[in-house]
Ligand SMILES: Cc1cc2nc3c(=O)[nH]c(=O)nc-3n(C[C@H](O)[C@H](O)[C@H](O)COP(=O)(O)O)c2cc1C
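Presented as structure tokens, the chain that follows is alone, the form predicted alone.
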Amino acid sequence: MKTRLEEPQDIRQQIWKELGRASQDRHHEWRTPVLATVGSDGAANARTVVLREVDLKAQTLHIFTDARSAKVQELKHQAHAVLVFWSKRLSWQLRVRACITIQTHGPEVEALWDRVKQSAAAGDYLSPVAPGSLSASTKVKTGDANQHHFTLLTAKVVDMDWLELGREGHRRAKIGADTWDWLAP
């Protein structure tokens, strides 16, 4: 039986601890949140992404993607987005409102690319065909290793909406950098 955290500072600390674990553990339920953006037509778009890194001090979450993806184009027009995490183990839903910056080049991107290019995922960022494009073949050749489309998305947390489902009653809070407000579940 899990212990129910009572104090806001303990809950906040556990949220960031779980996010950190998720960025390292491929099997953590928060590893693959849903990222919601505003599409070019003004409608909501949502897709699963992979949480790659968490920086508690900077209050940021990092995601890797292809520069040619629809989410990058949407974020160029509207940098505000929402990440939704669900953990059955914790019975927690976490909605993170964030402002996302896009980095396609620079020392940080190149250092990350040096790691990624050694993995099987490198082919995705080297493909001459953009994600979601029609393809004449299911097998796509990769391009020049120096011409990658690897991109770092950095989500600066604006606030979080935390919901715990529990037998003792559900709890919900809005969490800012220095604020905590209990909400009706």
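Bear in mind the structure is a predicted one, so any value in this text is a computation, not a measurement. Start at 1 and count along the sequence shown; that's the residue number.
There is another form of this protein, the form predicted in complex with the ligand, and it is not shown here; the text below is about that form.
**Q** Mind telling me which stretch in 112 to 120, 22 to 30, 58 to 66, 154 to 162 gets its heavy atoms within 4.5 Å of the ligand in the model of the complex?
**A** Within 4.5 Å of the partner lies stretch 58 to 66.
**Q** At the 4.5 Å heavy atom threshold, is Val50 in contact with the ligand in the model of the complex?
**A** Taking the distances in the model of the complex, the answer for Val50 is yes, it comes within 4.5 Å of the ligand.
**Q** How about Ala70: is it within 4.5 Å of the ligand in the model of the complex, going by heavy atoms?
**A** Yes, Ala70 lies within 4.5 Å of the ligand in the model of the complex.
**Q** With a 4.5 Å heavy atom cut-off, would you call Asn45 a contact of the ligand in the model of the complex?
**A** Asn45 belongs to the contact set for the ligand.
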